[in-house]
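Presented as structure tokens, the chain that follows is alone, the form predicted on its own.
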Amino acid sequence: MRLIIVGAGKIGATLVEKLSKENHDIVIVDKDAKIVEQIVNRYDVMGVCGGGADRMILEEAMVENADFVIACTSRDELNILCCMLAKKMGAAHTIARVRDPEYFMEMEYMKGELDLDMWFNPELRTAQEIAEILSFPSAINVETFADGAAVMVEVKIKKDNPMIGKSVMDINREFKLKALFSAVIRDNKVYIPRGDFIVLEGDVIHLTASERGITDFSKKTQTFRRRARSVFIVGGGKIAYYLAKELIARKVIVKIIEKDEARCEWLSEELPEATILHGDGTDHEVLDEEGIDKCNAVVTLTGMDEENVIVSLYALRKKVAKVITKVDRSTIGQMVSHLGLDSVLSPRTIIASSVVRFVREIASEGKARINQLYKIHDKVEALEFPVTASFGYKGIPLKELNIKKNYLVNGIVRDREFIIPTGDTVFMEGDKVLVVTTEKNVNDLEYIIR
């Protein structure tokens, strides 16, 4: 497919990185010639220097042949205008980045009026993911499937964990877990574990279960932490605003510290239920004075990765039960993984999975064959597929299906119930099937069967 990505900032560059691995023809458009040159030299893509709302620039990018135009500049209005113009010039599908909370309230209506196929808000999506992690504090990361009926959590195996040295089969037998081992990351290698796989200290395991099953797992393996009821947020930007709104709706006590006085005033008006503090969140004396050690969780959301890392390390030193760190630069994200930080999130990585999933859906003739896509690792994905009326293997036990190598049926959701599949389990119309695979560009459930 031919994709035009307008805007070579953090989101745009990440989309180029992820989508170029899926063998698409990509054109990057940006006014900064130096950045365009850097991306063109790094990836096998074309580059056009100019504005995305300029007809001549879009003509140079051959927009009339584009399957997708993805507008992700820093300006919402420019992204919307770019998509409108691209559609009128012949682009098949358009995706716009829209961040402003004022636009957010009207986007579902505006999407149809503006003929947008998809819109995304990295800050909102990041806030939603943080809120999910705070619901399962024992997890590093959390991803929901089947409208929340299934949950995949990422957990690091620390010293004295009772699973260390035991096989997956023995763990399931001893703890009677109603969960599936989906993947294990060890020394940056990924394994889809079989029953004889031995769990070691330092492993990062991905488990899939219902919400109740995850809670049961954490209690039995002595990793259970209660949901955060008081959260201290450092930095009062858009993510902080969206996160506070979500947490307040869940009856969580929220405190935000922000050093920009005008921003504090705005937050105070928009979030009357939260405590808004005007101060420097990187000053340890200020943090101590405001009681950072008395909160259940700390979330660092300033605009500087280094500040977020330092404040998070300080929160851990103060023995805060749960610490979540926002890091935008992938290089820093890789470095801090060795510092003992709990949960580290990147907005651009989070949003890239949503866009990749949507592009794959259209690539498979728009038949909505992928409900969800989650990148466990660069080489492993978790996918959710619907079982439709046209699916050719309904009613056949899994033990009679020839499932391809490198695919794991990771769970089935039927009528909101999470089912751990066995050899006798069958697919039924309406099921939502979770699959973990090391294969690339998987678009359809039937692909997993020989």
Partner chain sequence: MNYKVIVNVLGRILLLEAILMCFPIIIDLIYGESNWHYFLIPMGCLLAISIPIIVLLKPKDMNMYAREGFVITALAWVIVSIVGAVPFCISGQIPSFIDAFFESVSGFTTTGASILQDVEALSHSMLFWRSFSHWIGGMGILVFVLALIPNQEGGSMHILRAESTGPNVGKIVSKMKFTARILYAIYAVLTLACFIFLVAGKMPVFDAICHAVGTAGTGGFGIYNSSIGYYNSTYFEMVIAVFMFLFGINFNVYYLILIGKFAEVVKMEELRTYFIIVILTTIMIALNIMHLYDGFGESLRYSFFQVATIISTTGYSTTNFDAWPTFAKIVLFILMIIGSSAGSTAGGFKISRMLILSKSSITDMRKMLHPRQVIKTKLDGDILSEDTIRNTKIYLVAYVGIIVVSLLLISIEGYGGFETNLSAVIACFNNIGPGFELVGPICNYSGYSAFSKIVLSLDMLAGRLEIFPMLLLFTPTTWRKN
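Residue numbers count along the first chain shown, from 1. Worth saying up front: this structure is predicted, and the values here are computed from it rather than measured.
The same protein also has a form predicted together with the partner chain, omitted here; what follows describes it.
Three-residue candidate spot 354, 375 and 387; no residue lies within 4.5 angstroms of the partner chain in the predicted bound form by any non-hydrogen atom.
The contact with the partner chain in the predicted bound form, taken as any heavy atom within 4.5 Å, belongs to 62 out of 62, 403, 396, 419.
Here is the short version: of 35, 46, 53, 409, the single residue with a heavy atom within 4.5 Å of the partner chain in the predicted bound form is 46. When contacts are judged by a 4.5 Å heavy atom cut-off, residue 42 counts as touching the partner chain in the predicted bound form. In the predicted bound form, the partner chain sits within 4.5 Å of a heavy atom belonging to residue 26.
Shown alone, this chain has one stretch from 66-74, 388-396, 26-34, 419-427 that lies within 4.5 Å of the partner chain in the predicted bound form by heavy atoms: 26-34.
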